[in-house]
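Here's a solo chain for you in structure tokens, the form predicted alone.
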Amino acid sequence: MLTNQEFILLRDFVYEKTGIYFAENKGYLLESRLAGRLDELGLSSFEEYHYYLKYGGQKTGQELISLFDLVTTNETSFFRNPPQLDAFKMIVQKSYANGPWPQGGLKIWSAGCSTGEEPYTLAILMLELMSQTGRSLPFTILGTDISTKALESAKKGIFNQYSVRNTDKVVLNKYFTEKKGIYILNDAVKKYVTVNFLNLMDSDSYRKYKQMDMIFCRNVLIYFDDKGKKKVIENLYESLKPKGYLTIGHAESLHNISRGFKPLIFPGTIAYQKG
């Protein structure tokens, strides 16, 4: 049983390391997600687990990986929120495809990519755009997440029916191989996407992610408090090229978080451009 004191200890530790904030009424959620680690490590209380996380020496680093996997939510699917994807295509066509293409190719970052559905969706959209325009439009897509378990799944590129439930059958047949209800993404898509570990609360990690043309960070800010949101958005702002574009979750907003972005209105959604 997670006591209130133990909840506060673990909640603050998780927040310090990840920026993910568990509200007072989420004690049951934290308990259910971490209870298995006590059994696995042979610990008798959540207070002991907190001590292990803080003072376990070399073992702490490995346990943090397990902790990150457990406190993150990996709800995602291909072609999620079509209005945002339509806006993405419109931005690419209006800002890039009809003019000079960015030197070195378009650089797109999926921050909080989970098991890979979002970055692979963006890759498919780019491949479709090239097919429609008859132009070579070089691009690279970077996907990052704090969950190593999710990243390992993303690298495999193997998905169940639930993940592709919003995917057009023509696209499924073109970019996936189906075997007994399992959908294997073609290497022709996977080659454009690189996935790596990144903790969005670690400002030093952003050094590798500079001069981005477009960043997707959807349904990630909802797990942070206002202080954490501002920190993440400031770092994403610095990672974008001048006039670069940011897309956040359809239910999320930059109101009272940042004035550095100009909101752009699209049918059914908003995108943000770096000022």
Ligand SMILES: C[S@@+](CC[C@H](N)C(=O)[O-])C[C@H]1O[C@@H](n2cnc3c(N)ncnc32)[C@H](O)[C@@H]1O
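Start at 1 with the first residue shown and count on from there. Keep in mind that this is a model prediction, so the values were computed, not measured.
Not on display, but discussed next: the form predicted in complex with this ligand.
K.L.:
Out of Asn74, Gln93, Asn186, Ser163, which one falls within 4.5 Å of this ligand in the predicted bound form, going by heavy atoms?
P.N.:
That would be Asn74.
K.L.:
Consider the chain as shown here, without its partner, and state which of Met214, Val220, Leu34, Leu53 has a heavy atom within 4.5 Å of this ligand in the predicted bound form.
P.N.:
Looking at Met214, Val220, Leu34, Leu53 one by one, just Val220 meets the 4.5 Å heavy-atom criterion.
K.L.:
Go through 166-174, 152-160, 187-195, 111-119 and give me the stretch that gets within 4.5 Å of this ligand in the predicted bound form, heavy atoms only.
P.N.:
Going through the listed ranges, the match is 111-119.
K.L.:
Can you work out whether Leu125 and this ligand are in contact in the predicted bound form, taking contact to mean some heavy atom pair no more than 4.5 Å apart?
P.N.:
Taking the distances in the predicted bound form, the answer for Leu125 is no, it never comes within 4.5 Å of this ligand.
K.L.:
Since only the chain is shown here, I'm wondering whether Lys89 would be in contact with this ligand in the predicted bound form (any heavy atom pair within 4.5 Å).
P.N.:
Contact with this ligand, no.
K.L.:
Consider Met201 of the chain shown here, and say whether it contacts this ligand in the predicted bound form, taking contact as heavy atoms within 4.5 Å.
P.N.:
Yes, Met201 sits close enough to this ligand in the predicted bound form that at least one of its heavy atoms falls within 4.5 Å.
K.L.:
Can you tell me if Tyr49 lies within 4.5 angstroms of this ligand in the predicted bound form, counting non-hydrogen atoms only?
P.N.:
Answer no; every heavy atom of Tyr49 is more than 4.5 Å from this ligand in the predicted bound form.
K.L.:
If we check this ligand in the predicted bound form, which of the residues in 125-153 reach within 4.5 angstroms of it by a non-hydrogen atom?
P.N.:
Counting only heavy atoms within 4.5 Å of this ligand in the predicted bound form, the contacting residues of 125-153 are Asp145, Ile146, Ser147.
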